[in-house]
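For reference, the chain that follows is the form predicted alone, supplied as structure tokens.
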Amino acid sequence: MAEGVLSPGVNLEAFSQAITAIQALRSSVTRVFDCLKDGMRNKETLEGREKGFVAAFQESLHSVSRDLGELERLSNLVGKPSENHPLHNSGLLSLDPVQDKTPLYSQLLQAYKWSNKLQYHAGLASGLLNQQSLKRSANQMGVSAKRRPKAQPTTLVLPPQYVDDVINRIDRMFPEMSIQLSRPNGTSAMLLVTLGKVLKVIVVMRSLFIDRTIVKGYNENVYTEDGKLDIWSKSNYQVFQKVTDHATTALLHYQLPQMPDVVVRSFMTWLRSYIKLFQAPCQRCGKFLQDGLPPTWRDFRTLEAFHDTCRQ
């Protein structure tokens, strides 16, 4: 009963005999090579040495053939394991014959190993942080929190007029860039930035904080059927999809909560560098096109143009 549970569909007795047959086969093969290594010895005449060598060699080959036949017979008796894999449904992915096209099982194992490493390192970091003494700060916060109310952030509730003034100043800074401001959903502003005849950018704002950007081509439609700015559909061109991804990265880079107007101005300065999207070569390889795309990356500090693979 236990054998059936451990190895359903497998004849364990034949499996044990097959292992013994493998060992016997290896011994027979070893004797063949020993016979070839020793050669013709222990005979006085040349004819006697040749006959002795041929006889020993034939006997060794017969032993190999016999042991190999026995192993093949036992392998047919072992049987096949059942389809109940220990990894349940994920174990079926390893049976895919086209691993190059669908390497799901290997990726799943890699993700599992990465998750274990992440958990291990997170535990180490937690132990190190718990060793740090924060009692003084905790006591001060505990005493003072009861006496004074928690300060509310003021940068999130800026008046709309202040936001309009900041956008207008930025619009006057860059002659190649035109900014149209609208508020279709109340106080939150939405910007339509047109950069020359290169591209258009839809910027969704919350007060002076940029929440989302969508970059499209100059000739692409940026409005929905009801006449509102389309903030969900992406560009039909891969080059502007790349620029949208880089713009999202730029939003994470330019972060200064206490001075949101500086953040917006810095982002617009970075965005203005795309005025020569199709004219500036890559600063590393010197080429205008790579895989059919121009340099879509702009350095956050120098604003130099790079291909996505050349910026590494």
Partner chain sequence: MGVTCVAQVPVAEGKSVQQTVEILTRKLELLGAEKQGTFCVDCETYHTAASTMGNQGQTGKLMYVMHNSEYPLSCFALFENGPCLIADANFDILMVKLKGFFQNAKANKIESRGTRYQYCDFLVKVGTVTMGPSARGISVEVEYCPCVIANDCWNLLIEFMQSFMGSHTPGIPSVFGTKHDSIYSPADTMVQYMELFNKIRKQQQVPVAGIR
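All values derive from a computational prediction rather than experimental measurement. Positions refer to the first chain, counted from 1.
Quick note: we don't show the form predicted together with its partner chain, though the next part is all about it.
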| query | finding |
| --- | --- |
| 4.5 angstroms heavy atom contact with its partner chain in the predicted complex for Phe33 | no |
| Non-hydrogen atom contact Leu293 with its partner chain in the predicted complex at 4.5 angstroms | yes |
| Contact test in the predicted complex: Phe300 vs its partner chain, heavy atoms, 4.5 Å | no |
| Touches its partner chain in the predicted complex: Leu108 (any heavy atom, 4.5 Å) | no |
| Partner-proximal stretch of 159-167, 114-122, 174-182, 214-222 relative to its partner chain in the predicted complex, 4.5 angstroms, heavy atom | 214-222 |
| In the predicted complex, the one of His253, His62, Lys287, Lys37 near its partner chain [non-hydrogen atom within 4.5 angstroms] | Lys287 |
| Answer option from Thr249, Gln58, Gln279, Gln258, heavy atom within 4.5 Å of its partner chain in the predicted complex | Gln279 |
| Any residue of 182-198 that, in the predicted complex, places a heavy atom within 4.5 Å of its partner chain | Lys197, Val198 |
